[in-house]
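Okay, here we've got a single chain as structure tokens, the form predicted alone, with questions on binding and movement later.
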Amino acid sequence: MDQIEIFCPGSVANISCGFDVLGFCLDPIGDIMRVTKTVTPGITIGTITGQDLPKDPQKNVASVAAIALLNAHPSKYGFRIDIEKKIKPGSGIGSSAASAAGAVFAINELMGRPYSRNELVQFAMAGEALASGAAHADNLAPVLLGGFTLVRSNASLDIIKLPSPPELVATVIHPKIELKTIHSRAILKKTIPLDKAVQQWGNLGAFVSALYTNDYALLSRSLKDKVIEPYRAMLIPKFKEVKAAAIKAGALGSGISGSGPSIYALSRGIKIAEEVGVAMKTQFEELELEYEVHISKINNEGIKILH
């Protein structure tokens, strides 16, 4: 195989109670990436449509991740990466993770799959580190593995794929402003009060349990963020109003998607998820702020091969 075309999905990370450890994969939202073998070794960035991104291999997250893979598994071939970028950088729905994960996945396929999807996370993290200033896998893991994932350790990349309750549907609203992860991480406190930490641990454990037992009521009670959201909420226009509107419309819970500015909500069933989307967007319409609303089932496959 000399060429491959793949769909690189978006993702929601943190999921309120799981800062830097929880994430889930979206279904209709994502980039298209084509990777082609070349005679000349190394990584080159070809065409990029949809967004203005660097073509310097040392400055593009896709090529940086690909270089990390080739450093571990050299190839006599090179690889050209062409990207249809449909996830806006700084949107909070895993733009850099889609690029980094997509690049290593595609090249791994063209090399005959020397690594599992789980093992590819370590190389994709090089791209995430470039984008956000910190190597974390909470977006990468669901993009590569699909569904919900828990990163027990970023250091050892101990990653667990979690089950997805069948009726769970996500609503994501993206106000068209840019909020870079590296900036939204900079405002976070380095220490947290013990009582807040205890509440967060309880919510995280209960959330994981709810996924295994399909307990939607427990899942709803667990979608609380006592640690990160209080600081990042101030960076997102009308965040509290959007969240309140989502819950009033029937969402199980709502919070900041990744580092923002996108806001996610989880609902039981597509009908409620659509009603939640209507409720959320009315808040941004009052500000005359451009936005996109995405309704998505949980993507349990992750990256998909198109051709």
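None of these values were measured; they are calculated from a predicted model. Just count from 1 along the sequence shown to find any residue number.
Here the subject shifts to the form predicted together with ligand HSE, a form of this protein not shown in this document.
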Would you check, heavy atoms only and a 4.5 Å threshold, whether residue 292 touches ligand HSE in the predicted complex? no
Whether residue 299 contacts ligand HSE in the predicted complex should be assessed with a 4.5 Å heavy atom distance threshold; does it? no
Classify residue 80 as contacting or not contacting ligand HSE in the predicted complex by the rule of any non-hydrogen atom within 4.5 angstroms, answering yes or no. no
Does at least one non-hydrogen atom of residue 284 fall within 4.5 angstroms of ligand HSE in the predicted complex? no
Which residue, 63, 267, 259, 254, is the contact with ligand HSE in the predicted complex, using a 4.5 Å heavy atom cutoff? 259
Do all of 34, 99 and 304 end up near ligand HSE in the predicted complex, with near meaning a heavy atom within 4.5 Å? no
Among 130-138, 143-151, 196-204, 115-123, the stretch whose residues bring a heavy atom within 4.5 Å of ligand HSE in the predicted complex is 130-138
Counting only heavy atoms, which residues in 14-31 are within 4.5 Å of ligand HSE in the predicted complex? 14, 19, 20
